[in-house]
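Shown below, as structure tokens, is a lone chain in the form predicted alone; questions about how it binds or moves come after it.
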């Protein structure tokens, strides 16, 4: 019998949620016995699988690339988890939302730079007008607040989902914790 497939995705965030995932330490070995990690910035998989049982999404939807990626992932995931304050509320990435994209790019790359000011136009994905929480663009099944969520909360989340239960994380995490 095959193991459930687990994926993790990093959109516009700081990677703190993935660092917290790694903070599960020796429990990662226990988790590895229960799931197959099929896609993640922590492994070498290049393509999202046909179907993941659980996908943890870190970060806000801030670029056209993020939007395309999360829509594809939603279509290929049974249980989608917004992991961390940036995924749940857009948190830090949304700080740019008070400015129009063109004005923000001019401010950051032309007006506040000494040396060779220039707006990057290669490799950098096109920004959306606003950074958005994941649930505003696709259906989310479970929300895990925290900046980042503690490793204990992530482990509890995954073990509960693997047992077919809806986890109650209210005692383990909160916004900003």
Partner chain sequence: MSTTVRIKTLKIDGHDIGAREDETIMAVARQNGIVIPALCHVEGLAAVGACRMCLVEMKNSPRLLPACITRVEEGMDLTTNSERLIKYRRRILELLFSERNHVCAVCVSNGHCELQNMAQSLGMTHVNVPYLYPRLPVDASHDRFVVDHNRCILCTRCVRVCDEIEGAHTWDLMGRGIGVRVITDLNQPWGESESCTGCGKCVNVCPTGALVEKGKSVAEMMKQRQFLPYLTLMREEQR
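Here, rigid core means the biggest group of C-alpha atoms that superpose within 1.5 Å across both forms. The structure presented is a predicted model; accordingly, all values stated were derived computationally and were not measured. Residue numbers count along the first chain shown, from 1.
As for the form predicted together with the partner chain, it is not shown, yet the points below apply to it.
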| task | Tell me, yes or no, whether residue 3 is in contact with the partner chain in the predicted complex, where a contact means a heavy atom of each within 4.5 Å. | result | no
| message | Please determine whether residue 90 contacts the partner chain in the predicted complex, using a 4.5 Å cut-off between heavy atoms. | response | yes
| in the predicted complex, residue 173 touching the partner chain (heavy atom, 4.5 Å) | yes
| Is there any non-hydrogen atom of residue 136 lying within 4.5 Å of the partner chain in the predicted complex? | yes
| task | Spot the stretch among 110-118, 25-33, 137-145, 40-48 with residues whose non-hydrogen atoms come within 4.5 Å of the partner chain in the predicted complex. | result | 137-145
| So, 64, 71 and 128: all three within 4.5 Å of the partner chain in the predicted complex by heavy atoms, or not? | no
| query | Counting only heavy atoms, which residues in 94-125 are within 4.5 Å of the partner chain in the predicted complex? | reply | 94, 95, 97, 98, 99
| message | Is residue 107 displaced by at least 2 Å at its C-alpha between this form and the one not shown when the rigid core is overlaid? | response | yes
